[in-house]
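In the form predicted on its own, a lone chain appears below as structure tokens.
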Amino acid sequence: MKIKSSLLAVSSCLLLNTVSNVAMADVNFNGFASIVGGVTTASGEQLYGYNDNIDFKKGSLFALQASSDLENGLGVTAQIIARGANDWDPKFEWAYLSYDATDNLRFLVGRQRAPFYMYSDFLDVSYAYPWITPPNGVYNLLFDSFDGIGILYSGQLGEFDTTTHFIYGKNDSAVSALGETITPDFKDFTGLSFSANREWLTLRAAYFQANMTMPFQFLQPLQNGWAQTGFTDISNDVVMNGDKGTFIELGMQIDYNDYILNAEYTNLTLDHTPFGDQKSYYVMVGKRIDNFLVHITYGKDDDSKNDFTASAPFGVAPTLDFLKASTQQIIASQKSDEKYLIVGLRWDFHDSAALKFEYTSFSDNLNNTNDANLFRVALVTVF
């Protein structure tokens, strides 16, 4: 596997910096990698970016993480990931300072992972969970990192060990969505996650909100048209400009003897936008047999959006009819009713590496031409 020279250059700079400052602090390096191959099982099928031509690039990645203890509770962490889907261009996923005020209280400042999900801390570390990647229906937000502050507090609630994670910051990294590459602005990104663990049981809940601006160009003509016809409320709802979005997650994990049960539910609500509210969940059961893990996952995704053009009548003027029909088409496109079944096998053939096999059957209840079956295999490791 060939990694672009820019990644090696960054790694070399980190190493040279370590050597020059060795008297001050030691830098620890570790990393992880996934080599993933995927192919749909029939001609013309597409799922999660794969088609009937086998692809070993899209899901593969290579990462390096550097961390240093600067003493007296202060530390620094940086993580660089090169993804095959991005032509192996390296990118800083994490770059933050941490300060342990007490044994139970930690502060983080900089670019860090948002604790949206149960596996957020290990989102790219396939070795850390059963699947090749976590279920796409639940783990599908446009971003997973942010720039800002985080506060972690570890405590006790009865017989449960608890962790509370509060965050505040923003994200303005470029994303590709709906056929456009845009630079969104998620301001006042605020929220917290809470988890409680007792022996074989983990419970989790999270809530986040942000003021969102997403400058999609294809929505501008509709916004201008509604504004010119006097329907300012509809004009404002057609675009995303400082609108509020909220995200809720509930999770559970049972790891008892050789049996595993995982479940997560998410609800994304986008107020005063043309985009649908998204509800998703999955349930996974697994059984360990020696150094093998057999697992099966069922998931469902439901997206919907109320028609906010009801106040505009049909048949009054051709321009108004065009605006209403075009906007309703966007609203209708936000509706989804999808389900999937994942059957997987994990083989831990090495202390720090595993081989994974997965078959995914995906069904779109609103459009069966989107139905597809995907087979993937992955070699994952930590080092």
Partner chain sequence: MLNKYRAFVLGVFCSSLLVSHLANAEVAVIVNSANSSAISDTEISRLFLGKLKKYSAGDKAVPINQKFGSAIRKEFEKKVLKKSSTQVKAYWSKRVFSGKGKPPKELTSDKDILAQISANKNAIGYIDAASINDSVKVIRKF
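Positions refer to the first chain, counted from 1. Nothing here was measured: the structure is a model prediction, and the numbers come from that model.
Omitted here: the form predicted together with its partner chain. The next part is about that form.
Residues Phe189, Asp307 and Asp337 are none of them found to lie within 4.5 Å of its partner chain in the model of the complex, as judged by heavy atom distances. Of the residues given (Leu293, Ala263, Leu152, Leu268), Leu152 alone sits with a heavy atom within 4.5 Å of its partner chain in the model of the complex. Contact with its partner chain in the model of the complex, defined as a heavy atom within 4.5 Å, holds for exactly one of Asp147, Glu180, Asp144, Asp161, namely Asp161.
Not displayed here, its partner chain is approached by Phe32 to within 4.5 Å at the level of heavy atoms in the model of the complex. Under a 4.5 angstroms non-hydrogen atom cutoff, its partner chain in the model of the complex lacks Thr319 among its neighbouring residues.
With a 4.5 Å cutoff on heavy atoms, Asp348 counts as touching its partner chain in the model of the complex.
Residue contact check for Gln65: one or more of its heavy atoms lie within 4.5 Å of its partner chain in the model of the complex. Remark: of stretches 205 to 213, 103 to 111, 219 to 227, 241 to 249, the one touching its partner chain in the model of the complex is 103 to 111 (heavy atom within 4.5 Å). Contacts between stretch 66 to 86 and its partner chain, counted in the model of the complex as any heavy atom lying within 4.5 Å, involve Asp69, Gln79, listed in sequence order.
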